[in-house]
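Consider the single chain below, provided in structure tokens and representing the form predicted on its own.
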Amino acid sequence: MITVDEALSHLFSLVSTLPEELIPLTEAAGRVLAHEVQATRNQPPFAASAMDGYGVRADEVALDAKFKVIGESAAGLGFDGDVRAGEAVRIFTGAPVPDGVDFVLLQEDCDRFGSTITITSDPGDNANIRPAGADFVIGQPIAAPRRLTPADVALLAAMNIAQVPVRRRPDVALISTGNELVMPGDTPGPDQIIASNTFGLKALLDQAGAHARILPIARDNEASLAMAFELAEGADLVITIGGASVGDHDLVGPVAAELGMEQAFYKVAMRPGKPLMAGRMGKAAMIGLPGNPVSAMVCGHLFVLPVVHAMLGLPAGRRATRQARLTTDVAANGPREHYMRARVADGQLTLFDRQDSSLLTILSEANALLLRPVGDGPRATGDQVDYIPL
């Protein structure tokens, strides 16, 4: 068996960053920016009013001062002219500040009668003007790589970037294996169960920015498995679920080897998830996940997500950990890293009593995996421990 870190190192060596593609801004949310882009304009492109009010000369601002209103500046339709001594322009939020104006009086600080305004309240020292380029200027970059958030998309739009260079989504083929499996919605026989792992992993992969496709269930015979691998042709990553152990019906490894898989490793010193394999099949990386539902999903979080991130050009490495305090004592850990389902709230981590790797109900309630390092000693209530958010 190899360590989790060694397994990750092998996995990262099996994949490379995918090429970029240019997509419309409307499709950019959640995608990974491939390289730096730069603003094509200033924002705001002109000095703009931050308030509704009246634009005047700052050196004339004083309580009881009077001004003649000579025009109006609105958003999208500015005032074309100069504002001289004793003059004011009605101005609205976001409107261009006319030449000669360097102070915007708030409308509530003024009284207006006809075309004359009078300052009736202390206007303060804030000029209420946003200078040109206060938000960003031409050439200001958005750094990459980064997963584009809704706020990033708004920024790209303001920068007048209509086409966005992003990494191509990894094409991931998911193959469930086993005579005991049927698809959700089908009627299982007396000895069959529903193929749940595939759908949980697809959700995990799609959320991470991959394009995951579910292939037909591969039965426990060489011909069915070979057909499944054939259907996976063209994928960047092939993931099998189940059949990766050493039982009489565990055929994934032998069939994959016959089809040319160059195995990188088999078995990882961890629980749940020890019977994990990986290798290379032609142009695709391959990961063989264990069939137990929790084992498959835990390995998805620990190994598949980092691999997808690496393919998208994001930093490759272990999942980041956080810390919380234990709400109960925990016994010493053994020779394998242990990832225990837990719930974190208000900085406190509570372990679930049942940790069997078949219990999806517990995984559904969990929002964290407590990380127990190899040989970690007993931990007491209140100890700070590392966990991986789910």
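In this text the structure is predicted, and so the values were computed from the model without any measurement. So that there is no doubt, residue numbering starts at 1 and follows the sequence shown.
Below: the form predicted together with a further copy of the same chain, not depicted.
Enquirer: Which of R319, R280, K202, R168 has a heavy atom within 4.5 Å of a further copy of the same chain in the predicted complex?
Expert: That would be K202.
Enquirer: Under a 4.5 angstroms heavy atom criterion, identify the one residue in A269, A144, L231, L155 near a further copy of the same chain in the predicted complex.
Expert: After the contact test, the surviving option is L155.
Enquirer: Does the 4.5 Å heavy atom contact test between I194 and a further copy of the same chain in the predicted complex come out positive?
Expert: Contact check for I194: yes, within 4.5 Å of a further copy of the same chain in the predicted complex.
Enquirer: With the cut-off set at 4.5 Å between non-hydrogen atoms, does L259 touch a further copy of the same chain in the predicted complex?
Expert: No, L259 sits far enough from a further copy of the same chain in the predicted complex that none of its heavy atoms falls within 4.5 Å.
Enquirer: May I ask you to state whether G347 is within 4.5 Å of a further copy of the same chain in the predicted complex, using heavy atom distances?
Expert: So G347 does not count as contacting a further copy of the same chain.
Enquirer: Can you work out whether F92 and a further copy of the same chain are in contact in the predicted complex, taking contact to mean some heavy atom pair no more than 4.5 Å apart?
Expert: Yes - in the predicted complex, heavy atoms of F92 and a further copy of the same chain come within 4.5 Å of each other.
Enquirer: Mind checking whether each of E20, H35 and Q38 has a heavy atom within 4.5 Å of a further copy of the same chain in the predicted complex?
Expert: Answer is no for this spot.
Enquirer: Please pick out the stretch from 231-239, 81-89, 157-165, 251-259 that is in contact with a further copy of the same chain in the predicted complex, where contact means heavy atoms within 4.5 Å.
Expert: Contact criterion met by 157-165 only.
Enquirer: What residues, if any, in 61-97 have a non-hydrogen atom within 4.5 angstroms of a further copy of the same chain in the predicted complex?
Expert: Stretch hits, in order: E72, A74, A75, G76, L77, G78, R90, F92, P96.
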